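Quick setup: one chain, the form predicted on its own, written in structure tokens, and binding and motion questions come after.
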Amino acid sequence: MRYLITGGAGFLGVALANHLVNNGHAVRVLDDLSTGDPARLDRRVLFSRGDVRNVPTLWTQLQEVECVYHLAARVAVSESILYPQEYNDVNVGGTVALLAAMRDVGVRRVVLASSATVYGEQPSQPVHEALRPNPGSPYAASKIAAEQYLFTLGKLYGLEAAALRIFNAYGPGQRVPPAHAPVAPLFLKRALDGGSLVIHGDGRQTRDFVYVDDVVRGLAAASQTEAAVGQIINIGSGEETSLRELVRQIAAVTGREPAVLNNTSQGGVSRLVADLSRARQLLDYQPRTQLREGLRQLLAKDPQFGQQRAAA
């Protein structure tokens, strides 16, 4: 197939693009490089720099494309609280622009990378797709809005649309910026540096950490089966892990016992883990990589951690 991946120079986008070309597909990537790194893309991927809100750019990129993966988004929860207008503009406006451009060019298939943050605090776990969203941040609200536009415009324009709610993805190639860093690679980096791990709250809050290769398999399957059309589907590990347990797993794979500091500020929702029943049924999805093995692979395959091991 011929694919366009918006936001394809980011963490998940690179992994997906490289997977697709390795399986014989033709892949284009559009990314504004606000956080992405095109150097990590396979040479067979056709990269273009551009803004997903620019409809004429999208018209060009969509020519002869059969399916679009829409990954372009601002993704930091805490940052979205400071800049809600920008998050709405990019995450919602970019989705609307893409769908309108697809209508204009005649591309029918689209898979949206949504987020498990849309669930927010829920009375029971694991969370399933029929639950009413309870967003706790502008980022989560923007993802709900993007989903609504996806299916509303999808029906109006005759698009084959699917939305995957991705849980806490981690793996090689994930950036660890100075601010708003994802927790798994951040904790691993701090442990290797000999620094302290700061946990907001008591550390009993749980998350669903899903390895990047499992996410990519879910994304790939969603574009290749009719059963996904019109569906919202969870993509996670199905394993509930507390932040305390994450620290223990990182200690096990690094051979170091990092110091832990507890910050009294709120640590987000108390529990979050995916019900994967729909993913198994519709996508034949089964996560393969458990947390400890995923952390080992992250440590072994990511050059940034290799440099730290050598310096230690």
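From a predicted model like this one, the values you see are computed outputs, not experimental measurements. The first residue of the shown sequence is 1; numbering continues from there.
What follows is about the form predicted in complex with ligand NAD, which we do not show.
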So in the predicted bound form, are Leu16, Val68 and Gln224 all sitting within 4.5 Å of ligand NAD, heavy atoms only?
-> no
Answer among 267-275, 244-252, 29-37, 281-289 for heavy atoms within 4.5 Å of ligand NAD in the predicted bound form: the stretch 29-37
In this chain shown alone, the residue from Ala72, Ala161, Ile233, Leu188 with a heavy atom within 4.5 Å of ligand NAD in the predicted bound form is Ala72
Select from the listed residues Gln122, Thr206, Asn88, Asn168 the one whose heavy atoms reach within 4.5 Å of ligand NAD in the predicted bound form.
-> Asn168
Is the gap between Leu150 and ligand NAD in the predicted bound form 4.5 Å or less for some heavy atom pair?
-> no
Should Ser237 be classed as touching ligand NAD in the predicted bound form when contacts are defined as heavy atoms within 4.5 Å?
-> no
Examine Leu20 and determine whether its closest non-hydrogen atom to ligand NAD in the predicted bound form is within 4.5 angstroms.
-> no
Is there a heavy atom of Pro258 lying 4.5 Å or less from a heavy atom of ligand NAD in the predicted bound form?
-> no
In sequence order, the residues of 34-54 that place a heavy atom within 4.5 Å of ligand NAD in the predicted bound form are Ser34, Thr35, Gly36, Gly50, Asp51, Val52, Arg53
